[in-house]
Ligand SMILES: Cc1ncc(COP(=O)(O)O)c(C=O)c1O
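Quick heads-up: it's one chain on its own, the form predicted alone, in structure tokens.
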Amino acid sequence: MHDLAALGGEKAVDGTFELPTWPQVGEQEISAVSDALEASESDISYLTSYAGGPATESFEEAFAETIGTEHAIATNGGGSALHIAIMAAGVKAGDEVIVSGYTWGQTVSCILQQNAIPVYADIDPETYTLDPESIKEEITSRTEAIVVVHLYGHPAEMDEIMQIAEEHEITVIEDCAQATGATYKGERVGSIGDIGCFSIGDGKQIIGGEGGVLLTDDRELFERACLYGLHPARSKQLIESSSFDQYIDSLIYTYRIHPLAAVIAKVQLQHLDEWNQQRRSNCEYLSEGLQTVPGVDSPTVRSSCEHVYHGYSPSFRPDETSGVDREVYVEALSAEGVPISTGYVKTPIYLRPVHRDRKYFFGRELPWSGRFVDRDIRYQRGDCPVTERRCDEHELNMGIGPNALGDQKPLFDQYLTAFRKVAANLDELASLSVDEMKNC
């Protein structure tokens, strides 16, 4: 019998060990929700946050304190937080916002939703976050903001990015949806830029079911965000500026959080650092084991950063695999029981049909055309070479992230056995296609 599972051998990952289900709620969360439901009999704010209320406000205060900012707005999603952040930053129709093409779509959606134009900068080949030098090349007189995503839970190079932004008077919005609790030079992400946006939805470091948070130290940005995303009953409580007060209206985006989501997330917030440390410990163990395996590089973690592993995305090294392509390599590992795919992003956002065909929701090729646009921005292959090379050649994605809790070393030892088995049989795999392997 052949050693490789793809060719009839026994699986390295035998089902003895499994990652825990995520998201999870325990007795603390259930008890807190039960108490909130009982309280709702006399206080409607436990069922709707249109005017605030203790459930929503106490979560906002706790989250802001944990991350280290003055102001917080709890929203119904991370994408909602990003959208009102873009509006609060003063981004208008036809303005340009610099962003990464190697991310989840909502990092970019907030720009399009404001009828503004995304301009793509390239990424650092090791951390997959925005490359400050590439940002410099994309700044024009129409640049109003930079959206920085801390992808997979690894912080971007915030010192350099903030210096660039300050020189050009550009607002920096941190997309921390995958990075709650991550730190850069000792500071928590979301407290470094002008605005930080978080998600507490499915698959994040802590969950509320659905939800998000916008954070800032800037009172004006905070009040602008309130104006655009909160019910007027709450905005009247929070907005102090007379210049904003006159515009409080029901002409808003309904982006408020459900109070029960805030209740769940507040309980989970107490465990954030403990859980993140478990994720780090497990993923660092896996990374250490992969160091001696040809064909794969474990994720880079800069010494100035604490990673929180929303995702575990190693890199394929075709120069080390004796002619085995990425698809065959992944198929062989999958057959062994390793949860792995050829990628998370797969296609840079600017090369997808919405951008290529200018088919966004507004129609009429908006936001890329119209009276407020002063240059014809087109996207094409070659715009961001590092991004494209990662998607085309190197990107791998494993089903490891916030679920990497407890001691996962026994399971990860089996993953490492699978990687070593595949590495030991590269010569044989080089002559096979994915279809041939599936038919074995």
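For clarity, every value in this text was computed on a predicted model and none was experimentally measured. Heads up: residue numbers just count along the shown sequence, starting at 1.
There is another form of the same protein, the form predicted in complex with this ligand; it is not shown, and what comes next is about it.
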Given that the partner is absent here, does Gly196 sit within 4.5 Å of this ligand in the predicted complex, heavy atoms only? no
Is there a heavy atom of Gly311 no more than 4.5 Å from a heavy atom of this ligand in the predicted complex? no
Mark Gln106 yes when one of its heavy atoms lies within 4.5 Å of a heavy atom of this ligand in the predicted complex, and no otherwise. yes
4.5 angstroms heavy atom contact with this ligand in the predicted complex for Gln178: yes
Taking this ligand in the predicted complex as the reference, which of Tyr360, Tyr285, Tyr344, Tyr228 has a non-hydrogen atom within 4.5 Å? Tyr344
Which listed residue (Gly79, Pro299, Pro348, Gly94) meets the criterion of a heavy atom within 4.5 Å of this ligand in the predicted complex? Gly79
Tell me which of 71-79, 158-166, 135-143, 237-245 has residues with heavy atoms within 4.5 angstroms of this ligand in the predicted complex? 71-79
Can you confirm whether Ile340, His394 and Gly401, the three residues that make up this candidate site, all sit within 4.5 Å of this ligand in the predicted complex, judged by heavy atoms? no
